[in-house]
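Shown here is one chain on its own, the form predicted on its own, set out as structure tokens.
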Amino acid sequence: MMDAGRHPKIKLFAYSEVERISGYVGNFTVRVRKKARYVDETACTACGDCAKVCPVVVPNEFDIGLGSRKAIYIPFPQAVPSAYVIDHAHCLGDVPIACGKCREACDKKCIDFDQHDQIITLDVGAIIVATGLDVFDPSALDEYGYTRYKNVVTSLEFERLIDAGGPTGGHFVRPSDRQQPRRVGFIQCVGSRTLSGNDDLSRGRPYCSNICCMNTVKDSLLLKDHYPETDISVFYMDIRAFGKGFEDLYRRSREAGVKYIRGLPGEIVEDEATGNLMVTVDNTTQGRTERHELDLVVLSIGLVPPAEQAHVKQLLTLSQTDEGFFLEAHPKLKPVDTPTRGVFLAGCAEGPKDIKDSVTQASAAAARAQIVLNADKLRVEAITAWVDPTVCTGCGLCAKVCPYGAILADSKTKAKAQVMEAKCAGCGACAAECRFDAITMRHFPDAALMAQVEAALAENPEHKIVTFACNWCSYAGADYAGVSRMQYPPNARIIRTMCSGRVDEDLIVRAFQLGAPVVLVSGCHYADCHYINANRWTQKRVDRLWDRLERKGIRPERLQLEWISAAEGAKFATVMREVERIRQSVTMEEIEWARRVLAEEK
């Protein structure tokens, strides 16, 4: 960070917050609020005289509350800029009767209680999202006694306890009596790899946090190097030592005398007299229940997305996974790109990863951003929307539907809709929702899709399954089922669209008019849409059609909606077999009835 601060072409905005982002690739406008520090950062020499006289003492966030700081402080060692900042929430103020001691002590006269926030506007060509992460709060896991027992700490607190610049000056002591612990236990997967039937995220997340195992291995070796007599036990489900040199570190840890016990403790009880902890665990390797008396227990906590992730998602219209991390445009072909052009991901914004992987991804994101910045002109895919101004009524529905904000429309003034092609990703949701057919998708116009429906049902329509599959997931899933030689009915007629949100109601109705016994609409999983949230409109459209079919006396079961990912070839085959079962149950009378009532509707 200090190197970045000294770089002539890098400008750091510390203690700042991004409030608004507008524009498109190559032409973003970013509004930044630079918060008032109440200290002139250009004049402050970080001498510390102000902090010495400050009477306010509060817990230090950098030390996870294990240490303290003053109301005027440097957030962490090697912070950039190396200048003090006043915590306005705890400062007593500059009213003479209250305080003002820091101002009196500062020889450089750096302290200004009249400072205000500054609004800075930046014009940028590309954006890299590196929002970092938070750690899991194990307070809800009452069986481990975190916050009830002083000698139960998290892995992050443990790092501060053994750090030379930490609250204990690098002396390894336990919090209760500041004595050196002789028996230390590490509990793995606290908040990670936890499946809860009621989706209770307070007890953990279902994914592996990637770094916890090797962090414990590193800490165990560090303890053995400095305190060889320490008895260390690691309670684990599985040790995941993937990475260069990691298996060797794990082997060295075992050879150093660290005991690895396969099984997670079910309960921790404190001995009130000594402060020691009694840990009960089922040792699945030995097939027995064991009780261990430990001086200190370290909870190896998992990683979770930061709370600010939702705000960043809204600013940049990004997609998120079920776990809350940002979703890349393609896991293999575009691992650092996002669905929003010109926006790239780095580090744990995309998922849990260690330092090496974060640096690698940051280099890739910088390279992708450099491609954008070095180009005189940018090419966009030709699959974009076009609005016919002679047909558009200015209702503004298309602007509401567009997940990228690529359509400019105002329903109040009835201004004709306009498409910013640099922002349009070509999902087609706007064209499917437009009630006046004023929007045409280049390369995927309604006429071309309608022609495919009509060709598929030209002969023996009662034997066919019309299947609309999105390009990125369900069509790829169908392809995966094929190359894997999975068996499914051969009478499916697959029509590829860029997104399930492109499937117009008229296409489905036309299929039933032509005698289709069953229609399947398939797309990305609900939370993993390639086009952010376009498949939400697919769900709404199909809901409307189910009601419409039911009112006409047509079995809604004949219209199926499924979410299938590119890796779910087996699911695609299973779904097609189930749809074929439904097709076989549809009688010719039902097909003729649907043809007649839908034709009358026209």
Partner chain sequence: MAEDLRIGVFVCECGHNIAGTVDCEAVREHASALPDVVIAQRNRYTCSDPGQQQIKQAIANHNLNRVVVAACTPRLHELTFRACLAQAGLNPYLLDIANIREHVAWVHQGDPSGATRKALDTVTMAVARARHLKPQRELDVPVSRAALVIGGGVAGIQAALDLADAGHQVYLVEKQPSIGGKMAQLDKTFPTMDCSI
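Residue numbers count along the first chain shown, from 1. All of these numbers come straight from a predicted model, not from anything done at the bench.
The form predicted in complex with its partner chain is left out here; the points below concern that form.
Only one of 391-399, 179-187, 377-385, 286-294 lies within 4.5 Å of its partner chain in the predicted complex by heavy atoms, and it is 377-385.
Contact here is defined as any heavy atom lying within 4.5 Å of its partner chain in the predicted complex, and by that definition each of L12, G482 and Q487 is a contact residue. Using a 4.5 Å cutoff between non-hydrogen atoms, G26 counts as a contact of its partner chain in the predicted complex. When contacts are judged by a 4.5 Å heavy atom cut-off, Y475 counts as touching its partner chain in the predicted complex. Contact between Q314 and its partner chain in the predicted complex is not found at the 4.5 Å heavy atom cutoff. For the chain shown alone, F172 is not a contact residue for its partner chain in the predicted complex, no non-hydrogen atom being within 4.5 angstroms. Checking G324, G125, P206, G515 for any heavy atom within 4.5 Å of its partner chain in the predicted complex turns up a single hit: G125.
Comment: its partner chain is not present in this chain, but in the predicted complex one of I211, A406, C110, I232 has a heavy atom within 4.5 Å of it, namely I211.
CA of S565 to CA of R341: closer by 3 Å or more in the predicted complex than in the shown form. In contrast to the form presented, in the predicted complex the C-alpha positions of T574 and T321 draw closer by 3 Å or more.
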